[in-house]
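Okay, so here's just one chain, in structure tokens, the form predicted on its own.
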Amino acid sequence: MNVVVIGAQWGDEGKGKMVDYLATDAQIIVRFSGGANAGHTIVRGGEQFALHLIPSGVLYPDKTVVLGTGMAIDPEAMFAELDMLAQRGIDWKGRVLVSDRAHIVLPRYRDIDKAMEASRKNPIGTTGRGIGVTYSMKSSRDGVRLADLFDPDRLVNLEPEDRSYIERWRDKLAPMAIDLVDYLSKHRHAYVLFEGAQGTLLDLDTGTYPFVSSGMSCAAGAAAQGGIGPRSMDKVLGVFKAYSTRVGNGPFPTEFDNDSQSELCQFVRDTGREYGVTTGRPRRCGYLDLVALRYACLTNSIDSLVLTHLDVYDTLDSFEACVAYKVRGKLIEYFPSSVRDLEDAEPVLRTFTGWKKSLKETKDYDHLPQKAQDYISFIEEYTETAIDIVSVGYDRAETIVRKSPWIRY
């Protein structure tokens, strides 16, 4: 059975925790996109792990994790992360595999990335880790894949510094390389969890272009870059927060106003720990954007939603969510493709009453306060998509499952 987990907003929705939680029942976890520009925070028994390249399921000693075909892999960053895991008692050897069709991030790509960002009249907000350059090289057919590291004819045209870098890591990468399509074909009866990076609103095609990532953050990426065909995806789960955040530049219709809502923004940012795992920079915060969430459900055929950070609202008397936009005086209820329209969009807000009670100890959905259930029911009705999992804290145990994605209905 193949279950796909993607971000249904602009990334940072809590995918790492949810993949870690759902990996209990999985045998293989495949991350299909992104690179070291992404970051997942996982809390296990009070211990926090920050992962960037390695799939979240690695913390389980009996799981195999795979860096998929659509990833941009920085060997130096990857092995530094693996060393960190080993130092903290995680035995990863033999359990971390890499698709031999994945592309390699070369050191000079980072310099190119930073120079390109500096030269833009409207900077995108890239992390400068060379991910976009790697994908550009891939598209122009000038990239280097893991499979190419062992082919002298493919390396002969590279710069001496690139060859030297590759030689440094080639022997360490060799035992980890697999043909992902063949591997998953041989494990077709396994429970496989596909982990996306960033979020669908940062996808190259479905996101707020040009303020997007360079890879596939949508559910279709699991098929295109995860080693399976599109008809082999059994379930698609979209993870979203009770509010919205964004990192970097680009339109954000529901962003809190820094002048009139700075206190609310700081409350959400601090309570939700809204600081980048990779960069440490504070995230932009705003109301839950239901227009964008419904768009994410439609473009990804999301079967069910996973709501995270609901506990951030525990102490508020009331809060709001966006149910439509006003763009230059016109009311619209769809997510525009035009960046200009999104930048000019004013959120039409609906107010919800707070529940004024801590949710962290709640283990059963029926035991959630009625006001919290009302908020969830409204989201379900608006998006026409069920919310099957609710996260009320950072730890694995602080998760309420209404329907397991591993059960066929």
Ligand code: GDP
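Here the structure is a predicted model, which means the values were calculated and not measured. So that there is no doubt, residue numbering starts at 1 and follows the sequence shown.
Keep in mind the form predicted together with the ligand is missing from the figure; the text below concerns it.
- For the chain shown alone, H309 is a contact residue for the ligand in the predicted bound form, at least one non-hydrogen atom being within 4.5 angstroms.
- Mapping the unseen interface onto this chain, T41 counts among the residues with a heavy atom inside 4.5 Å of the ligand in the predicted bound form.
- Under a 4.5 angstroms non-hydrogen atom cutoff, the ligand in the predicted bound form lacks R294 among its neighbouring residues.
- When contacts are judged by a 4.5 Å heavy atom cut-off, L22 does not count as touching the ligand in the predicted bound form.
- Only one listed stretch (139-147, 85-93, 309-317, 162-170) carries heavy atoms within 4.5 Å of the ligand in the predicted bound form, and that stretch is 309-317.
- The partner is absent here; in the predicted bound form, the one residue of R154, R108, K186, R273 having a heavy atom within 4.5 Å of the ligand is R273.
- Contacts between stretch 2-18 and the ligand, counted in the predicted bound form as any heavy atom lying within 4.5 Å, involve D12, E13, G14, K15, G16, K17, listed in sequence order.
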